[in-house]
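Only one chain comes next, encoded as structure tokens, the form predicted alone.
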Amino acid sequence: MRPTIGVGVIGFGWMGQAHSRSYLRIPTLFPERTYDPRLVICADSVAARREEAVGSFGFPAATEDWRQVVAHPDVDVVVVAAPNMLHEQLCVAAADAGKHLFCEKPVGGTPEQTVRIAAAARRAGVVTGVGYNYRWVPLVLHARELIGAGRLGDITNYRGRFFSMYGSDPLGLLSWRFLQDQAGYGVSSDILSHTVDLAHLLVGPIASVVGTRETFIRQRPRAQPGEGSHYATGRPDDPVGEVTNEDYAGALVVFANGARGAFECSRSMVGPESQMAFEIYGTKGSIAWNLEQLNELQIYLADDDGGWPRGYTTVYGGDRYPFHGHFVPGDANSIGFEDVVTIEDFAFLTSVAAGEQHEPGMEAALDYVSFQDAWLRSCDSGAWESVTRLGHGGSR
């Protein structure tokens, strides 16, 4: 008989609901699992969301007080999907209560908060996971295998971007994501963290960075309680408030292995809908992937070049690649974003069941905020800054 892992969720917006659906789906998709997840209790400040958690998702209980999630005796894992600046209080309390912890990226609203959360988890000895979900796309995992096998040769260049239109409408509501006191930093916490995390996964640590940032839409209609989605819009005559974090982040970097890289992220540009993408160039080939075509990987391998014509090969997702076959058989039968979240949650709970530290966990979170800290310093100084490891001996 499989042991049960009790799950408590704090924050029942988009990602809190996505993770909850994942836990419900795991038994139907992963017969090899060593555990059975069970939804125990959900916390959210909005009554309608609490009602949905119980009525539609099957949580036995929902509460306005997140402390009840942390204290619940049947909760083994706490999932934190609340606004970023609340993460420190929630995560530290969960760790101190001995609960295993999954936190949406970037863990803290600031690098300093992330360092303190990671320290609390380390003291408690709990298993941690961080919501860098794009690591779990089957074709991204295949790209990592190609790089690890040396098929691209020595990596020389990396280009990463996350261009999204979620903040392109000036009437988009002033939700918590646009406010530094609730979200922490803007796109550098929200979507640049995904972009840099994949670079860390695929190429390695970054040694130095020069950065720039800008806020292009400086005022937005104020959100009412419960209107927290960054996709919701207001009306032209609504009262407005000031946006207090950045819309755009750019960086040039030098990796520790000598490769060069460039990153750009924007939430306010017009055109790309959700272009989380990377291009990796080596001495023997290159690969490219874009979330907008999640189930396609572009590959050019020089050792496969039999002459003209030259060009990239499109590789379609399929059950030959990690995890894909749990959802659909064959080739070119697509999976979607929430399937990737389900893979992520399955892998995390597998680590919890085994009593092993998960990857990505708090160390990956520290990797990113160490970069973010250097990037922020560079935005202020206008100069190249070295990436100094935060946490452990380099704690702030």
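Throughout, we count residues from 1 along the sequence that is shown. These figures come from a predicted structure and were not determined experimentally.
Not pictured, yet referred to below: the form predicted in complex with a small molecule.
**Request:** Identify which of H100, R213, R135, H87 has a heavy atom within 4.5 Å of the small molecule in the model of the complex; exactly one of them does.
**Result:** Filtering the options by heavy-atom distance leaves H87.
**Prompt:** Using a 4.5 Å cut on heavy atoms, which of L173, V77, A81, A95 is close to the small molecule in the model of the complex?
**Reply:** Selected option: A81.
**Asked** Is the small molecule in the model of the complex near all of I155, R159 and L301, within 4.5 Å of a heavy atom of each?
**Response** So, no: the whole triplet misses the small molecule.
**Asked** So, in the model of the complex, is Y23 in contact with the small molecule at a 4.5 angstroms heavy atom limit?
**Response** Y23 lies outside the contact set for the small molecule.
**Asked** Going by a heavy atom distance of 4.5 Å, is H326 a contact of the small molecule in the model of the complex?
**Response** It does not: once the small molecule is placed as it appears in the model of the complex, H326 has no heavy atom within 4.5 Å of it.
**Message:** Does any part of V46 reach within 4.5 Å of the small molecule in the model of the complex? Heavy atoms only, please.
**Reply:** Yes, V46 is a contact residue.
**Request:** Using a 4.5 Å heavy atom cut-off, state whether E246 contacts the small molecule in the model of the complex.
**Result:** No, E246 stays farther than 4.5 Å from the small molecule in the model of the complex.
**Asked** So which stretch, 213-221, 199-207, 250-258, 126-134, is the one near the small molecule in the model of the complex (non-hydrogen atoms, 4.5 Å)?
**Response** So the stretch in question is 126-134.
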